[in-house]
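As a starting point, one isolated chain is supplied in structure tokens, in the form predicted alone.
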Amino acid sequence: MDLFEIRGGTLDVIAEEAEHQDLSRESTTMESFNVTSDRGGRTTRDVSTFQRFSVDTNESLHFEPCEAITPSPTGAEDGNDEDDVFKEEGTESEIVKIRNRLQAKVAEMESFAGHLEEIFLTVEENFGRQEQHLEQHYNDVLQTLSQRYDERAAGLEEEKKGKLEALYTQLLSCGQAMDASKELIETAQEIYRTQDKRLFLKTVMPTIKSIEEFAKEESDLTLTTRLEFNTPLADLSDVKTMMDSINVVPAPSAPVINPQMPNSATQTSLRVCWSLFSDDTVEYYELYYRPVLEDKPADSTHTAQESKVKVKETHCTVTDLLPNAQYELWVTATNTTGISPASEKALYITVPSPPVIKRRECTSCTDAALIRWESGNTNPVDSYTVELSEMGTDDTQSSVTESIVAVPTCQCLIQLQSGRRYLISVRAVNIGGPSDRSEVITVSTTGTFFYLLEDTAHPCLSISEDGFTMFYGDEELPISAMGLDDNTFARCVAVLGDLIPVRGRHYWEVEVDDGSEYRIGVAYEDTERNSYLGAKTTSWCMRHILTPSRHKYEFLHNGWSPDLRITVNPLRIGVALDYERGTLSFFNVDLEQHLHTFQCHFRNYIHPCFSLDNPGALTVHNGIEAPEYAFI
């Protein structure tokens, strides 16, 4: 029976039966978003969905199917006998085991059928090659024999021509002698018959003299030409060599190096495989490799140093390589007859180096976290995998690690559960496999967490090492030291915070000095850097002004503020942002006192903003749980 009929018939029927016996499975997906690009490439607007699945911490990534519980056929739920329930569960478990065994058997049979098909094709190819090889030898032998025949026939023809010419010359000489003898005899007979004695005496003496002279001439009547032909032994040594070479092992054909397989590399090694015609006899292989120079000038003749490994198998693991580097590889085969041509060159790449997480650019809130990182690799990677595991209340790590795979860029927005702590790391992935884990960071979803963006800070501001406190000193900077760019506040001594781009509820607090004039609020990313906070439609803020008579507070938006009077100066101010309700509220945290609420529909994502109008300092407290009164 044809192999294709086997695979297309019996195996497909078995697979179809197994498929009809499959129980329902649940798959869990996790959405990961690319966020609006608000700060020169920190985020993007596109939203992408990535597959999320669970894996054991110490094992490779795999899906874990969840089997749905099949309801009772009778529809009864509470009145079933316990023995029947256990029996039904045992039957289902047995069905699952049988199904798994059947699927494994089907996969094994399909693999075996595929292997037989490959062997069938290989036998056909080998037969064709051997037939072509034998025909070539046969034609070469016939051509050599034909050449020897032509040479021998030409020699015989030349020898025949020489013998015939010699015989003809000898025959011609003999004929001339016979003609002369015949003429003398006829002359003598005529003289003998004459009656005139005077004429007889006159002619007899010359005739006798001619006969004597003819008799003195010696005629060679021996056969000087040999009738036999020379038959030298033909030199057929080359033909014998050619005949013997039919049974000699030929030199191997060029091996075929396989393309790189997924997960076939580490940071410093590559597993390389190749194949050869099965009837070729090989004593050993030589694998050559060299790194691909990325920055080599176009006119440069310099090439990387070439290395080689001698092995007997059709696979080899090359070690001591560079991470995330491309290598050019080729292989030759050798036996007692000779060396094969080199295979075509193939490109392999080692596993990338671990990414580097940008801690100061990672933000979070109660239900999501935005993780940013640097690739840390010269060559581009195919994708990234973000891994996270939940931490328990006793600071123990969960044994289950969830993964977000196929992340195309160096950032990922992850949906999380509120009030939890997570350990998050990143891997870079290419065809060689995943890199080692990056350094692990801890993310809490208790509240909104962000850092101050130093690249937006006015030159007179200093940001603390932890990224939460801003200082405005007394000294004045020279104009040459005030290197301003389009993203830096130029007029207002302010800085923005890196709020996570998630539309929901966010809360943070600001600790202020009673003697400082400040502005605290929110602003769009594109707010004008040459204007004060609250002066345009792109920002909202609470302003504190020191006057000779009192502390004055304003709640500014587009240059306007309601007429409000605050009797107790707040030293710790709570800011509550609710995207859904379109509100921005301010509170005196110490007194749990509501100060003011802006009502606005925020068209884009906004950022916390902080400004000092005189020398002083303020500190941001975030990552804290919002009080109950903040979103009433």
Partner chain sequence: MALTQVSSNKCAGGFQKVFEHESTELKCKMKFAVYLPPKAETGKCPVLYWLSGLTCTEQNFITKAGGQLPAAEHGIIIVAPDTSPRGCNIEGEDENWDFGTGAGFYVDATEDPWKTNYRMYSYITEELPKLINANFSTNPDRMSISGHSMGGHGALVCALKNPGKYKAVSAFAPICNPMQCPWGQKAFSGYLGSDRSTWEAYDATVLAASYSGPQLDILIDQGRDDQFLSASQLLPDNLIAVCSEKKIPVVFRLQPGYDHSYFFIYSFMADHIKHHAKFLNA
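Numbering follows the first chain given and starts at 1. Model, not experiment: these values are computed from the prediction.
Omitted from view is the form predicted together with its partner chain, to which the following refers.
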His594: touches its partner chain in the predicted bound form, heavy atom cutoff 4.5 angstroms:
yes
Applying a 4.5 Å heavy atom distance criterion, does Cys600 contact its partner chain in the predicted bound form?
no
Does at least one non-hydrogen atom of Asp563 fall within 4.5 angstroms of its partner chain in the predicted bound form?
yes
Whether Leu571 contacts its partner chain in the predicted bound form should be assessed with a 4.5 Å heavy atom distance threshold; does it?
no
Does any residue in 439-471 get within 4.5 Å of its partner chain in the predicted bound form, counting heavy atoms only, and if so which ones?
none
